[in-house]
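Just the one chain here, the form predicted on its own, laid out as structure tokens.
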């Protein structure tokens, strides 16, 4: 697991159970706005249909081979946005190999499975799965 993501996982794991949800909600504020080229252009993004709320993702790889993540999730979905914020903080600027080697269920080590419904956890897992598919497709096209 990439060091940045590992530190976030430990932050959650070390937090008392009753502080994990507020911590996740704090990460919802860390999802940056979409770049101008994607703002209002969900047609250029992939929808994660497994999410209960409209959630879209785009992935870019720069000239140095670093992955850049873009998420579009409504503010009314703070837990989903929070999970996106965790992925963003943990994987933004990672190499494709670092993204692809991320454990699919890393949220379990964070203790989120104790707080979030299984349906929402399925959506969260689907976000990482979509990111991985997009990264893998980009790596094959490179």
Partner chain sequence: MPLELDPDPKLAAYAHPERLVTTAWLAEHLGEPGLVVAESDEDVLLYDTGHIPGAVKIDWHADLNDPVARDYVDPEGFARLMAAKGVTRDTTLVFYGDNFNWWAAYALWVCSLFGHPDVRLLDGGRRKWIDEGREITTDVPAPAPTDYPVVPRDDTAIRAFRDQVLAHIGTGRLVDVRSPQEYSGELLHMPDYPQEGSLRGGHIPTAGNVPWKRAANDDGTFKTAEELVAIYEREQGLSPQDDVVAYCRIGERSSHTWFVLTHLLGFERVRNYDGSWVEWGNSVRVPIERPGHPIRP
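For clarity, every value in this text was computed on a predicted model and none was experimentally measured. Residue numbers count along the first chain shown, from 1.
Below, we turn to the form predicted in complex with its partner chain, even though it does not appear here.
Contact with its partner chain in the predicted complex, judged as any non-hydrogen atom within 4.5 angstroms, is confined among 57 to 65, 42 to 50, 98 to 106, 84 to 92 to 42 to 50. Contact check for residue 115: a non-hydrogen atom falls within 4.5 Å of its partner chain in the predicted complex. Under a 4.5 angstroms non-hydrogen atom cutoff, its partner chain in the predicted complex lacks residue 133 among its neighbouring residues. Residue contact check for residue 9: none of its heavy atoms lie within 4.5 Å of its partner chain in the predicted complex.
In the predicted complex, residue 38 stays away from its partner chain, with no heavy atom inside 4.5 Å.
Looking at 5 to 26, the residues that come within 4.5 Å of its partner chain in the predicted complex, counting any heavy atom, are 17, 21, 24, 25.
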